[in-house]
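Shown here is one chain on its own, the form predicted alone, set out as structure tokens.
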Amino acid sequence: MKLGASIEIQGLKKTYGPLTVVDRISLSVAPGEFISLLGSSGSGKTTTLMMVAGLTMPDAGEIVIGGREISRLPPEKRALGVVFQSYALFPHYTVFNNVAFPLRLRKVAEADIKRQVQEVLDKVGLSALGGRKIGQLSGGQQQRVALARAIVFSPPVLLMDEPLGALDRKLRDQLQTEIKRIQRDLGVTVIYVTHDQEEALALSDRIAVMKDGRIDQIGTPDEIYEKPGSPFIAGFLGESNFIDVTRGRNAGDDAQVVCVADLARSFVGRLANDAARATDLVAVIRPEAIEIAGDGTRLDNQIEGVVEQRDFMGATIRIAVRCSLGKLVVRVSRLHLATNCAIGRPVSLTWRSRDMLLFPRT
């Protein structure tokens, strides 16, 4: 397996008039690593990718790939594979000729082109479709052609900009598995741009969450999901409940807090970041961390409420419970839901202190 190249981005910046789109971000990517830039529209993720690709010139900063500074090189001198959401295929070419295009640009011998194209078509599951025109392919097959064209010349880095955005959910799930398999087989370094949180969690070795042109948090999927660095991250990556609270006494990493909406209610949560120095806090709890208490079940925190909404989600059931704190959302496994949670039924909710993260309230 050929290992991809390292990427070092230092102080990268891009402005358009008075608007700063990318604000001096720095990022290190290890050889063979799959890293996703995750963010909403306008967060700067695609502009960052385009600067690495050479399709947008930075105003400041540098990009080093495999020890070579490339931030002022034209795209064709960077030797990077790029896959766009639109695929950018040549409709009048066959599948074979689309994939062969970058090799012919590099003056590769025709005998080698035939061998390399067939090898990569085998790898993406299109070995029997080399003679077809692009218009004869499904969306998923076109995406595979775009991927094959991007990797046929063995680039050290593969850049992917929302490549699955135009596909339906089932096909996206299938191609996510294929992309990760191919990336591992090749050992290529990948920067992947997406706004889809589930996609980033499924594919990435690490995720860089972007907001307002900056990287707000970077870490493994587990780290970012289980230990979000801010309420923004907790709300953007997955679903969370937010409760305004006031800090009482501390006990190590935990603190007792009183709820602003119900001063008679106090809970214990885990202090995060600079929360130990703040009085006004926001408590964050993931829906799956809250249990519906059965007979005798009680964890560190507990509150009673009434089921207001019940949504069947397939493998899980999403339940909204109205209580003195407002509305709490609970997500439970359909197979493990022993309690009757019909709308209007009273329930008792319980959760562990370690699953209730406390952040400074701004």
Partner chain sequence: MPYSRHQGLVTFAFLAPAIILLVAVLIWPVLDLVGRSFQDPGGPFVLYARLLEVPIYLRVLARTLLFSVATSLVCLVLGYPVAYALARARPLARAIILVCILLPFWTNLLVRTYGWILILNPQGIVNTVLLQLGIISAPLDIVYNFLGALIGMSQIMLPYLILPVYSVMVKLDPQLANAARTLGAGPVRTFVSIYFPLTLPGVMAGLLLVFTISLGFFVIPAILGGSGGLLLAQLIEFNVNTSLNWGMASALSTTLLAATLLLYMIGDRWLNLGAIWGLRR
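Source: prediction; values computed, not measured. Residue numbers count along the first chain shown, from 1.
Keep in mind that the form predicted together with the partner chain is missing from the display, and what follows is about it.
For the chain shown alone, residue 76 is a contact residue for the partner chain in the predicted complex, at least one non-hydrogen atom being within 4.5 angstroms. Contact check for residue 144: no non-hydrogen atom falls within 4.5 Å of the partner chain in the predicted complex. At the 4.5 Å threshold, heavy atoms of residue 102 reach the partner chain in the predicted complex.
Residue contact check for residue 89: one or more of its heavy atoms lie within 4.5 Å of the partner chain in the predicted complex.
Taking the partner from elsewhere, every residue among 80, 93 and 106 has a non-hydrogen atom within 4.5 angstroms of the partner chain in the predicted complex. Comparing 204-212, 162-170, 148-156, 242-250 against the partner chain in the predicted complex, the single stretch with non-hydrogen atoms within 4.5 angstroms of it is 148-156. Interface residue among 55, 306, 299, 64, judged by heavy atoms within 4.5 Å of the partner chain in the predicted complex: 55. Counting a residue when any of its non-hydrogen atoms is within 4.5 Å of the partner chain in the predicted complex, there are no hits in 196-227.
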